[in-house]
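Single chain ahead, by itself, as structure tokens, in the form predicted on its own.
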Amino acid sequence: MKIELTGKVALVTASTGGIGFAIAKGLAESGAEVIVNGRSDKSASAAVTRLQGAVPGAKVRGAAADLSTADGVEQLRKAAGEVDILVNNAGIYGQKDFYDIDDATWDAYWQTNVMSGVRLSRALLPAMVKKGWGRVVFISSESARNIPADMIQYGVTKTAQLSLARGLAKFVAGSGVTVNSVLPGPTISDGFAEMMKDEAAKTGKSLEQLGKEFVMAHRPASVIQRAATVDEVANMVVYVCSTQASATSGAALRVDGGVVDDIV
């Protein structure tokens, strides 16, 4: 299968590193013009340079915006213009005792993880529908199905993304636009590397080994018994954005290594 996205414009939010950057890279390798997004001009510019180095000849531009506010989303919408592909990857996470999660924290998670996707979809879907082709993907998490007790605020927002994606898929039914969710599990991302840097320095273990140990300790239901790579997650996203995936819409597609223990 050769995925060809030449002529398509893709916006990937929070794509200066980690899973977001891997998705941007995969889309660029497939020929799409890619808009990378970060919170600052510096981070967006650095990601553009890095992506152009990784994919010579790629059409890439940066757009800085903080998607935790309506004003930030509007800033990104204006910078991006019309797009064919929207990947809603922006999100925040963190461990916190439920009793210590105040209203401000709940609102911060809701605004960034859910409302950024609501606002961008509302702004960018009409042009896709008018053209009769488009792809919207929400990067959710296995935590949407397997709510973590120490990150309830995160799990709730990730479950909300599944409802949002399914509802939007039905809303644009028959238009040629598809809307799906992708649910990564434990992944060796920039965030994981940061979380494990002290342990890696102390033990000399690789991130891959630490990822495997984390999975076996905290996600023992994993079928692959290791953490995924960002490229493995990106591969699913790129496929969902392809013309070949035209019959897949309203789906919640897992790249969790089998962590969620069911067969549907």
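Don't overthink the numbering: it's just position in the shown sequence, from 1. Nothing here was measured: the structure is a model prediction, and the numbers come from that model.
What comes next is about the form predicted together with a small molecule, which is not displayed.
- In the model of the complex, at least one heavy atom of R39 sits within 4.5 Å of a heavy atom of the small molecule.
- Contact between S30 and the small molecule in the model of the complex is not found at the 4.5 Å heavy atom cutoff.
- Among residues of the shown chain, A65 is one whose heavy atoms approach the small molecule to within 4.5 Å in the model of the complex.
- The small molecule in the model of the complex comes within 4.5 Å of a heavy atom belonging to D190.
- Remark: of stretches 234-242, 199-207, 51-59, 31-39, the one touching the small molecule in the model of the complex is 31-39 (heavy atom within 4.5 Å).
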